[in-house]
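Shown here is one chain on its own, the form predicted on its own, set out as structure tokens.
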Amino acid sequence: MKPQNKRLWWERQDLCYQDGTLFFAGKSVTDLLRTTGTPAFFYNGKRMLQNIGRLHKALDQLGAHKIFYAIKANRFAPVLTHIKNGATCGVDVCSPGELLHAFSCGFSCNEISYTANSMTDAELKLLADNPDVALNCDSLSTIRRLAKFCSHRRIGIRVNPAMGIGYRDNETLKYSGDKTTKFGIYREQFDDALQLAEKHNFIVDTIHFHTGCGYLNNQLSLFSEILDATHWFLDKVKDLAFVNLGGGLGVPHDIDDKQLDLDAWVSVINSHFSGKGITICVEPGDYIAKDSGILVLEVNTVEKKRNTDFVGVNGGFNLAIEPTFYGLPCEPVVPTQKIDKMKPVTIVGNINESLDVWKDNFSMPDQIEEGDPLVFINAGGYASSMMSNHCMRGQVSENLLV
């Protein structure tokens, strides 16, 4: 095991060991569990506001900009109200339920960006009745059917530049690329989209695109290529006022990852849009929420089967699906550092599926025991918001720390 005075790759001021005890948001994880038990999510509200603040500081270099937090990353109501009250930040929503939830948490229409696909007529009627919500249409069908309920509305068009980006070039995290996807309007139909909007007296003032999730520094050159490809669309829009870059900014998942250099990221954006007189919009979810949360489970099984040492915990992929669904690296952490020799273990959940594996062949303290807590970092985004009650094991608490 590494010496206790040497920080591990994921440690920072609000998530670190102090005298061998793991602290999160200024509180020991052991103390937190005395109130909640397990399974439990904990979210650091201060960290979320700091993440938003870092984004604003970097984007200030561009001038006019807007941040819309993608609530599909984490829609816990106390989190949303905390962001509403503590930061200059709107929200990105993608369904009627999310829109109404945003309203209930205090966000007004002009603080909301709405981008969805396969939209129903009832959904379009709701958006027609709330014209100050920034609506991005991602199909000809959406534009055509929206006209049944309103006209002279400002709209955005979501485009697909046929290029994708994702954490470590993970294909499952790409929203566009060589394979045709359902997202956005391609070049071949873009002129038709503009003509359809003009026919129904819609004013297209926004071009939106979101091409993938989780990119870091080594993919900024690809990000620049994607921005370059979008100019073909931008140059055709006469009333262009906003360019929405979507989300996708990533956070480190393991020791080989580095924090995204926001100044380098903004430099790429500036090289494409400087002096054009447009407002840059972004819709980060992961960057704001993911590293602001942890999931704490309890070890209930420590057992060797054949040549594999298994550690079983009281929660599975139904509580945090990304390690299984997207193959994203997952980092288990012990709440108390143990001066033990280490051994490779396979950490598994309690869901009756063979895919329910948190981490395979991962080095853990040799004396990990049944009844010990186990912490999973980077659980603030795309965990509770995607969880299910599969095998009826969906009982978990969510807790905001401020």
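What you see is a predicted model, and the numbers here were worked out from it, not measured in a lab. Position 1 is the first residue in the sequence shown; the rest follow in order.
Separately, the form predicted together with a further copy of the same chain exists; it is not shown, and the next lines address it.
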Q) Taking 4.5 angstroms as the cut-off for heavy atoms, does residue 138 touch a further copy of the same chain in the predicted bound form? A) yes
Q) Are any of the heavy atoms in residue 83 no more than 4.5 Å from a heavy atom of a further copy of the same chain in the predicted bound form? A) no
Q.
Against a further copy of the same chain in the predicted bound form, would residue 95 count as a contact residue? Criterion: heavy atoms within 4.5 Å.
A. yes
**Q.** Heavy atom of residue 144 within 4.5 Å of a further copy of the same chain in the predicted bound form
**A.** yes
Q: Tell me whether 118, 356 and 360, taken together, all sit within 4.5 Å of a further copy of the same chain in the predicted bound form, counting heavy atoms only.
A: yes
Q. Only one of 260-268, 238-246, 95-103, 222-230 gets a heavy atom within 4.5 Å of a further copy of the same chain in the predicted bound form; which is it?
A. 95-103
**Q.** Listed residue (194, 162, 150, 278) with a non-hydrogen atom within 4.5 angstroms of a further copy of the same chain in the predicted bound form
**A.** 162
Q. Just one of 134, 127, 319, 313 has a heavy atom within 4.5 Å of a further copy of the same chain in the predicted bound form. Which one?
A. 313
Q) Are there residues in 348-373 with a heavy atom within 4.5 Å of a further copy of the same chain in the predicted bound form, and which are they, in order? A) 348, 349, 350, 351, 352, 353, 354, 355, 356, 360, 370
